[in-house]
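Quick setup: one chain, the form predicted on its own, written in structure tokens, and binding and motion questions come after.
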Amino acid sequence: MRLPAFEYLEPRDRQEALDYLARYSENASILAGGSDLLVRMKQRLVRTSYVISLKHLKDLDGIRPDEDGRLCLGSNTPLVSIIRSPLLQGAYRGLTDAIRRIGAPPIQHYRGTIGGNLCLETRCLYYNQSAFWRSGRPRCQKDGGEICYAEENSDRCRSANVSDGACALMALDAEIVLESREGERSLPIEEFFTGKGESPFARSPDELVTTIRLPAPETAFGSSFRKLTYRSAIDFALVSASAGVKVEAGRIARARIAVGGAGAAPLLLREASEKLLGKSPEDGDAVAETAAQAGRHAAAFMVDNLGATLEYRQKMAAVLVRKAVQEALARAENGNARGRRER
């Protein structure tokens, strides 16, 4: 498959990139690493006149704390930098777990960026095919049609978010910073995702994701990420789960559970997460059952749109959530013990 014709633009700084986005708007696509965009262009899933490369925007590459103690990830930071960063150990290990499962080492070292993975387009077994394959049936809703092949009579596109980074960042309560020529705005990560398969991101055509902010690290906080695939590398998730847990005075004080592959956005299980509050990490059976219940709740939102049966993915959602919560709790407890020793 060959790339279609387009004009390639290489802005030398952020302002020039924002000028291009303002000028070409909906006719432009942003090229970070290109491991997703270029494939979709070859499949004719993306129709664009201009491709704006971010490779010269060095100010979007880096990991650093801000004045409030939050950790800021530049959107153009390579995946391998996140894996290796000492700042992302401890409380943020759920994120590094996720990044290690993206693609394969060549993608992590030479192509993938955290912003590119965050903005990974939703996928569907019936949509992510060649133009020739799709030509044999009417267009689906994500392709501008009126049909959803994943769910009969659906009034919307039921494609799935399979971004490992997005799932982990959802459990970490990240904040997304967007910038245009008109100024800057920030969104909680759950507001960055629209939940609509046709247009999954709350990003205007003239905006650029510049920064991902993580809350200030806490000693008694642990996080984890689990992912189900057929192969150990390259594959997108059939379903994934991530958890972030805060332990205080021997009880769970805060929890966030997210599931990937269930819908057009990482599924944040707010009510299910709240059921963990007040439980003792030492009561492993109660914690495990509550976490499994959360996974079963997520299963109700899943659709038959990825490369495994729906029933299998639904059952495994409960398993992955339970394992992610248990590992996050163990890490939070280790952080607690380490903090007491240091004091």
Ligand SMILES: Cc1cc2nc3c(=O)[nH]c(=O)nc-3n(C[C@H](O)[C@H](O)[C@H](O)COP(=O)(O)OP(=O)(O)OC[C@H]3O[C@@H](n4cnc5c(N)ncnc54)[C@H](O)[C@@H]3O)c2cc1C
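All residue numbers are counted from 1 along the displayed sequence. The structure displayed is predicted, hence computed values, not measured ones.
The same protein has a further form, the form predicted in complex with the named molecule, not shown here; the description that follows concerns it.
Colleague: Using a 4.5 Å heavy atom cut-off, state whether Q314 contacts the named molecule in the model of the complex.
Modeller: Contact with the named molecule, no.
Colleague: Answer with yes or no whether R101 is in contact with the named molecule in the model of the complex, where contact means some heavy atom within 4.5 Å.
Modeller: The answer is yes: R101 has a heavy atom within 4.5 Å of the named molecule.
Colleague: Closest heavy atom of L37 to the named molecule in the model of the complex, within 4.5 Å or not?
Modeller: Result yes; L37 sits at the interface with the named molecule in the model of the complex.
Colleague: Using a 4.5 angstroms cut-off on non-hydrogen atoms, would I234 count as touching the named molecule in the model of the complex?
Modeller: Residue-level check for I234: yes, a contact with the named molecule.
Colleague: The named molecule isn't shown here, but in the model of the complex, which of 81-89, 253-261, 268-276, 116-124 has heavy atoms within 4.5 Å of it?
Modeller: That would be stretch 116-124.
Colleague: Could you tell me which one of M302, L54, V287, I63 places a heavy atom within 4.5 Å of the named molecule in the model of the complex?
Modeller: The option sitting close enough to the partner is L54.
Colleague: Among the candidate residues V162, L172, V247, L73, which is the single one with a non-hydrogen atom no more than 4.5 Å from the named molecule in the model of the complex?
Modeller: The residue from V162, L172, V247, L73 that makes the contact is V162.
Colleague: Would the named molecule in the model of the complex be within 4.5 angstroms of a non-hydrogen atom of every residue among L95, A243 and A318?
Modeller: Not one of the three qualifies.
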